[in-house]
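There is one chain below, alone, in structure tokens, taken in the form predicted on its own.
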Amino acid sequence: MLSLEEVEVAIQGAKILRGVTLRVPEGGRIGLVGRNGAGKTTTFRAIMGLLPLERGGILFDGASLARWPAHRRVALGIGYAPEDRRLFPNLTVEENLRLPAEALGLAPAERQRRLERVWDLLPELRELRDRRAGALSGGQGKIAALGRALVTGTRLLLLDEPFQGLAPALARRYGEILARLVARERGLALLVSESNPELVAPFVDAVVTIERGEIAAVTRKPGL
């Protein structure tokens, strides 16, 4: 489904990604693990078209995304929850969730169907639907960002450091949500980044380790 081929990215003249090759198959669950500054967030931003490539390519279903702007990549069924959430603080939780569906021009019935999918998977968001996003706690904001990503993420979900900054109780809750998600939506592919491999291990088929912008190792679960 998603393939990164020898991707190189530089920011302000500094090389961040160096020949990154990474594949997420249809329905596959991959963990991208590395220290802070290893290149995880840059990889996600490159996938979404938020950073230009110096070299290499990114393919989705075998087609190059080189000339596709970010909003067209979302329309392919890709959902992205960035590490800093990026919610609109003056909009309610429900308005934040509805916004990407409206931006894609989905029919009203399809918008509602996707919203109900989020309410079903994340019932706590239904209870917070009328609260301003700026009034959410850090953990609630992470869950809201996940919900927003699910609105567009019908085929592939990108979660950038979802456990970062969460208290232990909230981290456990987020883990329960991810476990339910991967169990119920077998066809949904997942790429999730983290500094701690133990946090993503229960939800993924393989862990890809990135160090200083390069893929250092790929560890698959036994039997896969």
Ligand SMILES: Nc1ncnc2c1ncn2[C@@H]1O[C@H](COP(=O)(O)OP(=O)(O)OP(=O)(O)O)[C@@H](O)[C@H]1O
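Predicted, not measured: the structure shown is a model, and the values here were computed from it. In this text, residue numbers run from 1 along the sequence as written.
Below, we refer to the form predicted together with the named molecule, which is not included among the displayed structures.
Residues with any non-hydrogen atom within 4.5 angstroms of the named molecule in the model of the complex fall in just one of 165 to 173, 53 to 61, 31 to 39, 181 to 189: 31 to 39. Within 4.5 Å of some heavy atom of the named molecule in the model of the complex lies at least one heavy atom of residue 11. Interface residue remark: residue 215 is not counted as part of the site for the named molecule in the model of the complex, having no heavy atom within 4.5 Å. Heavy atoms of residue 94 never reach within 4.5 Å of the named molecule in the model of the complex, leaving it off the interface.
The closest heavy atom approach of residue 16 to the named molecule in the model of the complex falls within 4.5 Å. Of all the residues from 146 to 175, the single one having a non-hydrogen atom no more than 4.5 Å from the named molecule in the model of the complex is 161.
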